[in-house]
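Heads up, the chain below is alone and in the form predicted alone; it's given as structure tokens.
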């Protein structure tokens, strides 16, 4: 892969729901091994952007590529098999599956495309899950469910991990643990695209940031540049 060819590239993406357009020409790129924060106030199009990238929301215009190959219009399960793991908003934990079963059903070889993650590696990241392998999804706390959602995504062997609201609603101690784990995942060479409300942590973790405003990318640059620009933060994020 050359520097000019990102792992994931969205070009002029338009998408929405029925007669309600949400995205109006989104351009976004994530390089191999890079971490990118996707920012914006509520209702600006962050989740729709993620859903469009991974085939969950149909694209009405523009294109999405992985490794320079078009994936526009492919179903979500085929995009996932190309090396994209998702930790969805709300976690998506199955109430009647145990922790062990969640990890087992997601297990898939990376095919040499990215770091290998098996159950042992995931449980080393989240020792608490090792103590709850026989617990059902409904028996887990919110923090444990988020750990499981991340672990389940890693079991697919992703080159790109996408997280929507990575630490929303979690206790401070659990949030700190999640951020620490994400830093370790990044250190393994997995690219990350992440939505969260904790701007300082996002800008510490990520290489670059993109801000979505009314379905368009209003800013895209280095995390350091955004961290230094309080006026930009206030204008687009209200922080």
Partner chain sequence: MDLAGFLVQLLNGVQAGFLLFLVASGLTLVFGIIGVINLAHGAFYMIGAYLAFWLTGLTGSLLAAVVVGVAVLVVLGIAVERLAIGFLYNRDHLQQVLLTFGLILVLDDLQRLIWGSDFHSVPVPAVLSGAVALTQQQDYPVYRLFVSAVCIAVALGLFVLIQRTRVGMAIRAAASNREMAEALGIDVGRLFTLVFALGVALAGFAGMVAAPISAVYPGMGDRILILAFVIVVIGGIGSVKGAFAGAMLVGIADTFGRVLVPEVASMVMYGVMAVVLLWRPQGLFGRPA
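Worth saying up front: this structure is predicted, and the values here are computed from it rather than measured. Numbering follows the first chain given and starts at 1.
If you look for the form predicted in complex with its partner chain, you will not find it shown, but the lines that follow are about it.
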Name the single residue among 181, 174, 56, 213 that comes within 4.5 Å of its partner chain in the predicted bound form, judging by heavy atoms.
56
Spell out, yes or no, whether the shortest heavy atom distance between residue 121 and its partner chain in the predicted bound form is within 4.5 Å.
no
Taking any heavy atom pair closer than or equal to 4.5 Å as contact, tell me whether residue 101 reaches its partner chain in the predicted bound form.
yes
Is residue 116 close to its partner chain in the predicted bound form, meaning a heavy atom pair under 4.5 Å apart or at it?
no
Hey, in the predicted bound form, does residue 97 get a heavy atom within 4.5 angstroms of its partner chain?
yes
Which of 139 to 147, 163 to 171, 80 to 88, 125 to 133 has heavy atoms within 4.5 Å of its partner chain in the predicted bound form?
80 to 88
Heavy atom within 4.5 Å of its partner chain in the predicted bound form: which residues of 129 to 158 meet that condition, in order?
152, 156
